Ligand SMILES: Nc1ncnc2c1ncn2[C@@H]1O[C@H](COP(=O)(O)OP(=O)(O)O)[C@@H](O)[C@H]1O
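In structure tokens, one chain follows: the form predicted alone.
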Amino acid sequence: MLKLEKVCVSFKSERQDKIFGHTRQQVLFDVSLDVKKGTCLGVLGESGSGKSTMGRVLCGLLKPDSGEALIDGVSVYASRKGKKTLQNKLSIVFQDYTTSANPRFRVCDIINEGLIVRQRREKVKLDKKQEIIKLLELVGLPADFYERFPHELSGGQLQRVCIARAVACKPEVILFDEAISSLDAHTQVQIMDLLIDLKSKLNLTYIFITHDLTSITYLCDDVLFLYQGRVTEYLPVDKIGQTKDEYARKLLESIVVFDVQEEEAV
């Protein structure tokens, strides 16, 4: 459904003359992936690995130096049709829910941003209040949150509102960019359970960008390991223990050690 083929991205190096400098720093090296409809692809890597850059390419926000981004087999950057198809089918949930939700907007206004996109695309008139209340209930929030402001909500509740906004435009694909990393462990599990439920109910496809391997094993079908801009491993999550990649093994072993330490502490 969504595909990258040998994508390379570089940026102009900051430590040079802004006008005459030509040195570029390579961020992604021949990155390829294939997100199948109805699945969840986890993209795992530490800070600086190129995860967010890859996410921007997938979202149609950053044209790569070379390689292709494809939606339903159509090039996103080489054709107007591909760009339009991506805009219609993909939605995003960001890491920082405090900045991605306008603090002056009420919950109803935040979710309405997604409904406006849907109305423009489908050229239909919606009963916005009814739709917003349905979306609140869909993400596990009561109808009386309708008039609340972001500062009146917990982090988990506000991220649920942001998820409702992403779902409001009826996407087929949702990209989550570190969407649960700012939440405590208990709330993370609750949000992941919600995402599993929504994926099943709405027949969604997910791309889940994170630095946390535990959430990948909980939520995703496939996992791509990204290290210093290169794909080091790409396999089904249920075969993750069979990886021979050094970087993937190191991450797996760190989780095992942590789990053992936790059990001993208990």
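If you're wondering where the values come from, they're calculated on a predicted model, not measured in any experiment. Note that residue numbering begins at 1 and tracks the sequence as displayed.
Below, we refer to the form predicted in complex with the named molecule, which is not included among the displayed structures.
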Could you tell me which of 25-33, 200-208, 216-224, 232-240 sits within 4.5 Å of the named molecule in the model of the complex, going by non-hydrogen atoms? 25-33
Does the named molecule come within 4.5 Å of any heavy atom of P64 in the model of the complex? no
Spell out, yes or no, whether the shortest heavy atom distance between G48 and the named molecule in the model of the complex is within 4.5 Å. yes
Touches the named molecule in the model of the complex: R56 (any heavy atom, 4.5 Å): yes
Even though the named molecule is not shown here, does S52 get within 4.5 Å of it in the model of the complex, heavy atoms only? yes
